[in-house]
Each structure stands twice: as C-alpha cells, then as structure tokens.
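Okay, here we've got a single chain as structure tokens, the form predicted on its own, with questions on binding and movement later.
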C-alpha cells in the first residue's frame, strides 16, 4: 500500500490541522493524543513521509528514536509515572488507524489500567494543561 499525503498527521505537520504540540525538532514533532489512553499520552510523528515502520527509511528511524526517548523521559517526569509504554502499529490488521508512522508514548502507573481507545476526545483545557506539564519537563532537560 502507498503513503497517503492527505492523512491527518501530514495535515498536522503542514500546519493545516491544529494539534497540541509539545516538542519539535528537525526530524519529528510530538503532540498530545486527543483520545488519550492515559493522562499525557503523546504521539511522536516523524516529518519524513512513510506509511509505517515497514516502509520507513532506516536512517529516518535512527534519527527519530532519540526524540522518542526524549519524549518518554519528559512524559514519565511530567506525570510522575512509574513507567512508559511505547506502542507502534503497522497496517490495519495490527491496529493502525492513521497511516503515517508514529509512536505512542503512554505514561503508566503501577496498578492503573490504560483507558481503551474509545474515540472519545479529551477536553481541550485538559490537553492544554497536559501539554504545559510536558513542555515544563522538557525545559528541565
């Protein structure tokens, strides 16, 4: 299957669709998931166009992973999490719903289950507050 340049993440990257951006560098952006499975659920999206891990350029992946790590540290700190769960899906059969490579960074607390991906959007004021917490954690690194 081919990459669709009209996917929602491509539109966010181009500035044609709003998002709660918490970080950006030359390689990727990090935004809050609008349907979070836990407070602070963040998506790291490469700027390079690829459908998923299966067609991504290996050099692009290598350049992106330090950003994923940086966001994981910030999210863990910002939400006083006990750990961080990373998710990455490839094709519909594996659960991929947006066909632009991205990594889910989800803070986890011992004994607390993640919410199901229900399609219910989080309140925008909550997302703004969560974004500020992550930005503050990033500023300390």
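Numbering follows the first chain given and starts at 1. Take the two forms, superpose them, and find the largest set of C-alpha atoms that agree within 1.5 Å; that set is the rigid core. It should be emphasised that the depicted structure is a prediction, and the values quoted were computed from it without experimental measurement.
Form predicted in complex with guanosine-5'-monophosphate: not shown, discussed below.
This chain lacks the partner; the member of 68, 49, 31, 39 within 4.5 angstroms of guanosine-5'-monophosphate in the predicted bound form by a non-hydrogen atom is 31.
Contact with guanosine-5'-monophosphate in the predicted bound form, judged by any heavy atom within 4.5 Å, is made by just one of 61, 35, 114, 27: 35. Heavy atoms of residue 79 never reach within 4.5 Å of guanosine-5'-monophosphate in the predicted bound form, leaving it off the interface.
guanosine-5'-monophosphate is not shown here, but in the predicted bound form it comes within 4.5 Å of a heavy atom of residue 12. When contacts are judged by a 4.5 Å heavy atom cut-off, residue 108 does not count as touching guanosine-5'-monophosphate in the predicted bound form. When guanosine-5'-monophosphate is considered in the predicted bound form, residue 8 lines it closely, a heavy atom lying within 4.5 Å.
In the predicted bound form, 89, 95, 96, 97, 98, 102, 104 are the residues of 77-106 with at least one heavy atom within 4.5 Å of guanosine-5'-monophosphate, listed from first to last. After superposing the rigid core, the Cα of residue 124 is displaced by less than 2 Å between the shown form and the other one.
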